[in-house]
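Below you'll find only one chain, the form predicted on its own, shown as structure tokens.
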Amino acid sequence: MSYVIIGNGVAGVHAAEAIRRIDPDGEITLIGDELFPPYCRPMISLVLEGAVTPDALPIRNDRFYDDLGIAPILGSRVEDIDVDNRTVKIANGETVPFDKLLIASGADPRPIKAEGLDLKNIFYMRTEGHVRSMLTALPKVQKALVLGGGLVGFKAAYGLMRRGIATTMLIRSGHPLSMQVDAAAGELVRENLMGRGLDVRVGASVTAFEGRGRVERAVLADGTTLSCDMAVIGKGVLPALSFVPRDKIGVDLGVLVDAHQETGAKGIYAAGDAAESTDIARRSRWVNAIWPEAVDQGRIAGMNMAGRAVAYPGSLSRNVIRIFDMDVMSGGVVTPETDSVYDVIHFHDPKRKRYRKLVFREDRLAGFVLVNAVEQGGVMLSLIRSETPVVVPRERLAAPSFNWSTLLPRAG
């Protein structure tokens, strides 16, 4: 049996390991567009801020490929999948046949429309290579501009501030972390960032960059300009699927997969940031581009590819982040539409800077946002995953002192 894995990230690595545990003799080819060994992508922001060196990034040792009998093809992207003839075409001209294929190509930075993007010192922050290039430029940087208020934008801004660089964050939406928290929590985050010296501007976007070879200023949509000698584009990501033939393999935002991570094309699977599976809280298809889900999906896809039928229970969005002295955690559905099937309760203690929002669908917890006092967030995630009915009066649930663990099903 010949297995081909597109993607050298955490989903592809865990898939390869799962395959090898079940099939010790199958041929495994792993294709990746980076030359750096498999690494922990969430840690690249720590490299930017100087907390760790690039040597801390790898998640497998130098003998990973040899020990598992994997044939790596690195530094080149896949150009096409021939579903009928069961081959993968690589940009270097090579064609690789397969019996089973995994699409674990991850995601690429979401591009923006602006003039002057070819100027030097304009970066995305998605890969180890991106951060290495940023570090090379930093010694001559005094003012930085970060586009985007999501996790990538925040981590870029935080890293630059830790380096002593004056930083401005431009956010098109009304508050930071708009995909992770609601407006009330986002305002608390914005106030905290501003209090720490980050210039946060909401409802702002860039239409052009200007400079003589290197970026010197940005032109905003309202016509104003901001001087800068570095710009970081952190507007989120999109699944990297340009090579997927959509007349043969179903794609919405991500590659559509069933409970076994298999696509509609038999023998072709998808996992990680490239896959669109069922979201437990939303009860619909969703792309949850987070590290732990990529690990689980890659492992389960690998087992199914090697012949061991294992169902994936579905993904669940969640994030936890420390913003200076503020802890923020969210999970599941956090911003339901007003006219929806969800009910919402809030708790806000401005003096202690505590906020919590609980989202229910009928008698089950479907989502939450916690600002400070996040210790019980793990229990809340367990309740969402298990779809446990919550029968306690809801006014009690919003209090930080409520013991959520009493609601978990008892074993045995």
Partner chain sequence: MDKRYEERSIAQDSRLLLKKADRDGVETVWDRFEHQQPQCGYCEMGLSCRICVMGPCRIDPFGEGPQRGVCGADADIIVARNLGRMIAAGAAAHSDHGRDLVEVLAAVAEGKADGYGIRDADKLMSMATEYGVATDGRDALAVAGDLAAAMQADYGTRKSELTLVRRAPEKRREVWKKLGITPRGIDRETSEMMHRTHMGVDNGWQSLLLHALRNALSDGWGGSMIATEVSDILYGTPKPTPTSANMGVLEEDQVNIVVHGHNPVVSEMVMLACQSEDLIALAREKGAAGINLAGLCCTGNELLMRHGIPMAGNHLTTELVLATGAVEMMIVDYQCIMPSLGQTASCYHTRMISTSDKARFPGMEHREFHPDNARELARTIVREAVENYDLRGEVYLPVTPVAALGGFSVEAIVGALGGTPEPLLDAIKAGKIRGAAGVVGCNNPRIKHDYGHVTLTRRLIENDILVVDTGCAAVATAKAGFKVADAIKYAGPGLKEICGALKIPPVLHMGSCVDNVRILVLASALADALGTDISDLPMAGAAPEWYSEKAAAIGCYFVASGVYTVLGPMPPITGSMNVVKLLTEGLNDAVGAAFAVEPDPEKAAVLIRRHVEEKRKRLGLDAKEV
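So that the term is clear: the rigid core is the largest set of C-alpha atoms that superpose within 1.5 Å between two forms. No experiment lies behind these values; they were computed from the predicted model shown. Residue numbers count along the first chain shown, from 1.
This next part talks about the form predicted in complex with its partner chain, which is not shown.
Within 4.5 Å of some heavy atom of its partner chain in the model of the complex lies at least one heavy atom of residue 346.
Residue contact check for residue 63: none of its heavy atoms lie within 4.5 Å of its partner chain in the model of the complex.
Among heavy atoms of residue 22, none comes within 4.5 Å of its partner chain in the model of the complex. Although the partner is absent from this view, residue 389 stays clear of its partner chain in the model of the complex, with no non-hydrogen atom inside 4.5 angstroms. Remark: of stretches 359-367, 346-354, 30-38, 63-71, the one touching its partner chain in the model of the complex is 346-354 (heavy atom within 4.5 Å). For residue 22, the Cα coordinates differ by under 2 angstroms between this form and the one not shown after the core has been superposed.
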